[in-house]
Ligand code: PEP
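In the block that follows, a single chain appears as structure tokens, in the form predicted on its own.
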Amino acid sequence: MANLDSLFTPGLVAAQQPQWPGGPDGAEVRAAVETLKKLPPLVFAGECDNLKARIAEAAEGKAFWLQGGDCAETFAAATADSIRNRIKTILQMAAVLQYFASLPVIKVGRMAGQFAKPRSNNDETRGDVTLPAYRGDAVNDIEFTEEARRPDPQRLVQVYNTSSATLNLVRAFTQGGFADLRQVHEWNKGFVSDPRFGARYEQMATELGRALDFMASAGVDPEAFKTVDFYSSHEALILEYEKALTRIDSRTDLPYDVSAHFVWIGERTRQLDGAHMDFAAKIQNPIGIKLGPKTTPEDALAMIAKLNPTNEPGRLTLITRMGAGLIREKLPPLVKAITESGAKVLWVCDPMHGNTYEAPSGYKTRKFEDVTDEVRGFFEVHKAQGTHPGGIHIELTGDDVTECVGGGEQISHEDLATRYETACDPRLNHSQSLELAFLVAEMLRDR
């Protein structure tokens, strides 16, 4: 299957697409797509295959999936400090999970491509002014002016360039010694402001350092701890971008979306007869599907049949986003039906999207206690079903923001205005992320 032009089924409806000037076949879109088609891959097919093998291990309970990053990346926030702090947060969470649960952790960044967001409405009204909704920096600007909100296809090229720069820095950090397990103390200097979890992390780091020293004295090469595999992911939302970055792998003559190692299809775009599902079915990357509380077992089984008809291990990840109040009711029938079908899937919990509400001050927020309760419910359901709780999918930042209430710092509704910086949905800050890691590690140890 080497002809990309004939790869995808024409004429299918693509939900949640920008209203580009001139339409999806307009001159501006065509120019951006032609530019993207000529650019080098951001990731490589072999890396995607490696991740697929790791996912297969996690599906069998032999590893744990940790996926985290921004709700919506912005061009302005793609700085070295911001990228480093997000990586540092994920590395710290992974160290906690791996040390206390004795499981390998698959580290996946929700970054280097997460520049677009689905929206409930095409337009936004403020007072008597109505403009196109902000759909992420991939489409338009968050500033509420007519010029800023005009969808601009050239932004897709900027997505590629910013993702390329981000991945370059990610690879430098994760392969150049920054991610060395022997640096666990350094990761924490001036980083975790909550003294309870900062002290607990430091104790773990000291114990881990002793263990590494012991292994080195026993002849284990210390260079083995110097680098980590770190994978990129984003929602495959804007199909012009994803299709333009689909390439035929020279090893297998099969298509891969080389914009990221792992892409997922959201709840609003997973229509069985839609263009997004057709796209996902045709590429060889490991694929995720978001499943909300309205998902029926029949829906899930039909999506599995479409995306993984050969039941390939590691191909499919089901990311549940039920809400803390519904996880224990809605997840069991899905797990039961899919387990009985024999489908090989990785179960991952997204405890963020089902727990969003508006604070009295008008800020969109989430309660940390709801996030942890949904994860706890996720583990309870899988324990009752005899299946593996395979991972978590978290919106987080490495910065000291005040976007989610609660947690050890006891952020209140009144505190939200202090540092509310997200371009879209509220994220856990670094202290809340580390606190969650300790709680999940306990759940993993007791599963």
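Don't overthink the numbering: it's just position in the shown sequence, from 1. None of the values given here were measured: they were computed from a predicted structure.
Omitted here: the form predicted together with the ligand. The next part is about that form.
Among residues of the shown chain, W264 is one whose heavy atoms approach the ligand to within 4.5 Å in the predicted bound form. Under a 4.5 angstroms non-hydrogen atom cutoff, the ligand in the predicted bound form has R110 among its neighbouring residues. Taking non-hydrogen atoms only, C71 approaches the ligand to within 4.5 angstroms in the predicted bound form. The closest heavy atom approach of E395 to the ligand in the predicted bound form falls within 4.5 Å. Contact annotation for the candidate site: P118, K290 and R321 all lie close to the ligand in the predicted bound form (heavy atom within 4.5 Å). Just one of K88, H353, H276, R155 comes within 4.5 Å of the ligand in the predicted bound form, counting any heavy atom, and that one is H353. When you look in the predicted bound form, the only residue of R247, R84, R268, R376 with a non-hydrogen atom within 4.5 Å of the ligand is R268. The candidate stretches are 131-139, 249-257, 110-118, 93-101, and the one lying within 4.5 Å of the ligand in the predicted bound form by heavy atoms is 110-118. In the predicted bound form, the ligand lies beyond 4.5 angstroms of every heavy atom of every residue of 153-173.
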